[in-house]
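Coming up is one lone chain in structure tokens, specifically the form predicted on its own.
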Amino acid sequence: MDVYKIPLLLKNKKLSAQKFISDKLEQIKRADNRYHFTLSLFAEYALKKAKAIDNKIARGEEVGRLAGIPFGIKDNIAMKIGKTTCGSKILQDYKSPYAAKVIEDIEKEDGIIIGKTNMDEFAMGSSTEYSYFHKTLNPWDTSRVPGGSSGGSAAMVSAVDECISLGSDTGGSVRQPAAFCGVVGLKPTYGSISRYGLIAFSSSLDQIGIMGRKIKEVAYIFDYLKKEDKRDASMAHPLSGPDTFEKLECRDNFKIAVPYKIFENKTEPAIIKSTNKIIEKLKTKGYKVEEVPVLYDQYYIPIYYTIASAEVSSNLSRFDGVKFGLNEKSVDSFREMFVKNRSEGFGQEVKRRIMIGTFILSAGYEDKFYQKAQKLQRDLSRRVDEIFTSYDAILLPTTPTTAFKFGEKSGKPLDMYHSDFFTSFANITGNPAITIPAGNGENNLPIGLQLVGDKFREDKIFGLAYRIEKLIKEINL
């Protein structure tokens, strides 16, 4: 059953919200015992919400457009119930006094939040190995990572049918785990979904994203979360771009750009083979597919990690042990409290990025690194905008490899960072991007195909992705 059908089935009394959510909770518990994708489960809360929906329908009242749809929420998105830990020891007992805008919107439309999902600490990582609490396993192969930092959200959607999850995407943290776990993952245009209530990693790059099993499911949810919010100064006002769900089949004359040179020598052979098969199939169906150059591909990772590290150094400075953090009391001075709180509260990867970011912003180096990265960011953004004057989408792989094994890259940070090679440029430029399952590679591991679109034109990449989703069924991948 597709999740967008759930509200109508409830309204027509062909489905009981309480029965559906009760069964879903049991399914989640069984899967979670094996794959460990949640940090907290809100069973009582979810059943209470489901009962309220059934009661509304029994009284003849209207229910919301997300009624009965179960959601997993990445644990860096604030909620009033439960804890919001960001996968970190420093926030292990933190309870948010407010809810994020996306949570308000889900609850207003009668969506049901099932629980909070596991993540790399403060969204820094590509494997969910950096969570303070536990590792999440990939449902396709439990010896391998689910990707990160939204690995818990991706694993939940992969392991449990008829549910949606939200994640955050700073350099690929929705799309990379979605590809590793064989699901659909969307990073919308920067400024299209409110970041109010998303605990910041890199404020100029972070964006809340959506994961589901199918294109139509993610498009349906996106249309209800794409709402203006004056509390988020980075949002576009007014929002532009048409709705996506109702227009998935309205167009069929897409022009596609392929930057072959940035993935031919940096990608597993099975991923190149899968991508090329899809490109050839698109050509036989009459789509115009052309090769294009993209500037600065050798600098994607340096640009991204320079900007992200500088901003995380600033954003995490607030965790000093006074208002947030462990609040160590066995200290003699504020300095000692500050040092002890951060030394014990932050994990290795967070410390590494704070140190890099502090160095980048230090006197004499800001011009050399941070401002240079911003200049390249602006130039790259202009180049990508030029591509979209002639094309509807850029097509490329989502990741250079399929899911790697636990421990394979955790001691090699540069290798881990390379996982973001194909995804980071859409964060650098602010463009929307979506990954869809594109067959399986070696060891039967999922491969992801990525489409990048023009700003605020998610309708184009959704429409093309919807057609590719159908074409893939015709291809022996």
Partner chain sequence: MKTKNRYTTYIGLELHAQLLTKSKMFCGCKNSFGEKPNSQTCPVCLGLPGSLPVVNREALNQAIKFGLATDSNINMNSWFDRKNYFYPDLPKGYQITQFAKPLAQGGVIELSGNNKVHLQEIHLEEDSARSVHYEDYVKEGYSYLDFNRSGIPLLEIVTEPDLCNSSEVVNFLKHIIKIMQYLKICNGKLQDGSLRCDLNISVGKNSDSVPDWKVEVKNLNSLKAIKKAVKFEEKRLIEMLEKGMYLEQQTRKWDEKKGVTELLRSKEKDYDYRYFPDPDLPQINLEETYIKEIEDLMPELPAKKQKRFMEEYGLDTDSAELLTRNQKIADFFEESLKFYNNPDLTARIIIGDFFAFMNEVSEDFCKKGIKPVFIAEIVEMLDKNMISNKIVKKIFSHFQEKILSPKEMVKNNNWNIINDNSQIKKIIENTIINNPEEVKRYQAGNQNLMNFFIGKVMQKTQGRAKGEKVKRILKELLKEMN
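Positions refer to the first chain, counted from 1. Since this is a predicted model, take the numbers as computed values, not measurements.
The form predicted in complex with the partner chain is left out here; the points below concern that form.
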Could you tell me if V294 has a non-hydrogen atom within 4.5 Å of the partner chain in the predicted bound form?
no
I'd like to know if E311 sits close to the partner chain in the predicted bound form, meaning any non-hydrogen atom pair within 4.5 angstroms.
yes
At 4.5 Å between heavy atoms, is D320 in contact with the partner chain in the predicted bound form?
yes
The partner chain contact at S362 in the predicted bound form, heavy atom, 4.5 Å:
yes
If contact means any heavy atom within 4.5 Å, which of 166-174, 96-104, 125-133, 296-304 contacts the partner chain in the predicted bound form?
96-104
So, a 4.5 angstroms cut-off on heavy atom distances: do all three of S234, F324 and R342 pass it with respect to the partner chain in the predicted bound form?
yes
Taking 4.5 Å between heavy atoms as the contact cutoff, choose which of K108, K230, K405, K283 touches the partner chain in the predicted bound form.
K230
Of K216, K116, R195, R353, which residue is found within 4.5 angstroms of the partner chain in the predicted bound form when only non-hydrogen atoms are counted?
R195
